[in-house]
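Shown below, as structure tokens, is a lone chain in the form predicted alone; questions about how it binds or moves come after it.
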Amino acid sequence: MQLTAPLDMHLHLRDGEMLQNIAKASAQTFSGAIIMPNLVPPVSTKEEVIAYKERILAAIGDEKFTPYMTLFFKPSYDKAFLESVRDDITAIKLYPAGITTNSEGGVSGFDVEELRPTLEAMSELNIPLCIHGETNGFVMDREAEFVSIYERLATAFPNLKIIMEHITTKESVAALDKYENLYATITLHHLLITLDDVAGGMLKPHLFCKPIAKRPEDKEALLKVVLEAHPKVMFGSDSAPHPREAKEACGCAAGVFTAPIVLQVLAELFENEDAPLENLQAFISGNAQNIYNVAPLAKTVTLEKKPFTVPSDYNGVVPMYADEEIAYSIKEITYG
């Protein structure tokens, strides 16, 4: 099985030692990725974007990989600033304040008129807006409650390309077909688990993430659009590394680390569901190329049906399926 130019349209690479430890896990198998800006402090200036990109490229060494950079959304961005940074970014990421890791500086309200100057400028400059869509309501309802905000923004800014990040609910899936300018990323782990897998028996901290895994009917809605290669849906791992001690602790950090096993497990999933390989290719690359208008580096990943035991950790970061056997292995990576 071969996958061409795989793209991860939602990736956390962190910074410092963590960046050095895990960046190659994505760079080895992916042609490129949308890089999240929620560092401490967040990436919010042109200089910070350029400097962070340079640190990523240094961390991946000789790997062929394009980091598609993003800015941390601020309603104070004006058109002049956005024009100055347009060639250095692929999107801008909006976080509701305090809703996830390092998002304290995010948006506290979603008053359309307050956001209008920045969002209209983004529309004119064709800069996509990526949104972590959750309210501060009851944890299982947060994403479904946010759909009304997506609808409000999609209606107010019809020329703005809005990416609903890491969607987890049937309500978000339904919104895709209601608004021409709404798109979505879907993670590997939300295609595989429900809340029962996280907390139904013994608590599994390495499966705890935000948005939290939802109900079986939500997982089925996600699977349907992915397996059918819905053109407005693309892969975004939301692979979010934390040190083992931050996950296996009181106050467990939110995030699932899937970067090293994504392609292998997706291949197994599509095979088990009898879905066509071309649909996997669309989900892992083709749709993202169309939505973001990017031309990724030529990289072909050849997978083989050969059992692979997932390591217990990668430089201190515990992956999904640690110490378990998965059905596919990476046989070869070629370029050109």
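In this text, residue numbers run from 1 along the sequence as written. Treat the numbers as computed from the prediction; the structure is a model and nothing was measured.
The protein also exists as the form predicted together with a small molecule; that form is not presented, and the subsequent description refers to it.
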- Does A240 make contact with the small molecule in the model of the complex, using a 4.5 Å heavy atom cut-off? yes
- Message: Does any part of T101 reach within 4.5 Å of the small molecule in the model of the complex? Heavy atoms only, please.
- Response: yes
- Heavy atoms within 4.5 Å of the small molecule in the model of the complex: does G255 have any? yes
- Item | Interface membership of C209, the small molecule in the model of the complex, 4.5 Å heavy atom rule | yes
- Query: Does every residue of K64, Q264 and K299 put a non-hydrogen atom within 4.5 angstroms of the small molecule in the model of the complex?
  - Reply: no
- Interface residue in the model of the complex among N279, N287, N38, S44, criterion: non-hydrogen atom within 4.5 angstroms of the small molecule: N38
- Item | Option from 247 to 255, 145 to 153, 113 to 121, 177 to 185 whose residues, in the model of the complex, bring a heavy atom within 4.5 Å of the small molecule | 247 to 255
